[in-house]
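Form predicted on its own, single chain, as structure tokens, below.
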């Protein structure tokens, strides 16, 4: 059953129905966008020259009362493959029902042309639904999160058998940098972080449709070592509120053959180390309890402490390698761009960091 569509949402642009541009023109614009050349965006600040913020606030968010339980259940405890997305040209949150029909027709047309879009056997049809995930936005500048779902029914399914969810994806912007967002022309909506789960051929079709329709560009979003270190520190910082149960890290050392090391730290040991490297706060107790800030220097000292402990025991210098995966009871993240959020209270903290990573990765 298709989700009801919402008509009152935050879209930081005027609700003007745009005339559909030709596919060839859209492809040309998207190609130029991917190359970082001139496009409809014109000149925007040199955002890609920046680095991750060196300080960030951290606190848990009880979003269960604001976010639809079904949407939250889909976001949490599912592993997503991440990509970045350049700003969408003339995207309208008020046109989601129309987008559902357009994407469904696009997938059907591609299937009729003989492209492999089957999922776990032959499929009779695909039904697409776009919906808004309200309650995730942190600021007025953040466009509302958009959820895309594809349902299908196998050819030999019973007549009364319901269609099954075969693909899910979302586009979001949590705590997007206001300087960058305000610099965009009014016809662009910024939803830079894209997560997908399902068959790769369906993911490719969805991306292709977005590129043709909204003159945007998708690219792989690796979660680099700095982001992984931030997540390790942010999750450890939450241990008193929600036990992390363990802090597991996987390092890859540049030897022949490559050596992969799994380093699992007792949660209490990780917490005590983290507490020892924290800079004394000058904030009031109330602020300290609700939203203490974390600085990159503290993150660096925390990781150095973990690596020094490992070296004392095994005489292996982890700093010579690359951190490729971090996990705890609150979530997991891999260098390849796969992420899993396991606790709803820390979804916004994780998505905020990943939004920043996506904005920095964009070529424009």
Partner chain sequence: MDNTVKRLLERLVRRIPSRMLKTTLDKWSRLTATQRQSIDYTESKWALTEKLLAICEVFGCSLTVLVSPWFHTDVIENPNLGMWHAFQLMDPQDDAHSVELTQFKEQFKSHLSELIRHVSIKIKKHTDEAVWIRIAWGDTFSRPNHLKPTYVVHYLQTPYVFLSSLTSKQKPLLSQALVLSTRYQAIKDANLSGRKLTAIRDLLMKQYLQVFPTKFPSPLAERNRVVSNLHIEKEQAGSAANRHQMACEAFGDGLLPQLQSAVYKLETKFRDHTNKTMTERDEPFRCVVKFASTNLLESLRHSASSGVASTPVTPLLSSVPLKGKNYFVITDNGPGPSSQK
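In this text the structure is predicted, and so the values were computed from the model without any measurement. Residue numbers count along the first chain shown, from 1.
The discussion below concerns the form predicted in complex with the partner chain, not included here.
When you look in the model of the complex, the only residue of 272, 161, 179, 140 with a non-hydrogen atom within 4.5 Å of the partner chain is 272.
Residue in contact with the partner chain in the model of the complex (any heavy atom within 4.5 Å), chosen from 165, 199, 76, 261: 261. In the model of the complex, the partner chain sits beyond 4.5 Å of every heavy atom of residue 125.
Within 4.5 Å of any heavy atom of the partner chain in the model of the complex lies no heavy atom of residue 245. Looking at residue 308, you'd find a heavy atom of it within 4.5 angstroms of the partner chain in the model of the complex. Contact annotation for residue 255: at least one heavy atom lies within 4.5 Å of the partner chain in the model of the complex. Residues of just one listed stretch (169-177, 67-75, 233-241, 272-280) have heavy atoms within 4.5 Å of the partner chain in the model of the complex: 272-280.
In the model of the complex, the partner chain lies within 4.5 angstroms of at least one heavy atom of each of the following residues of 309-338: 309, 310, 311, 312, 313, 314, 315, 316, 317, 320, in sequence order.
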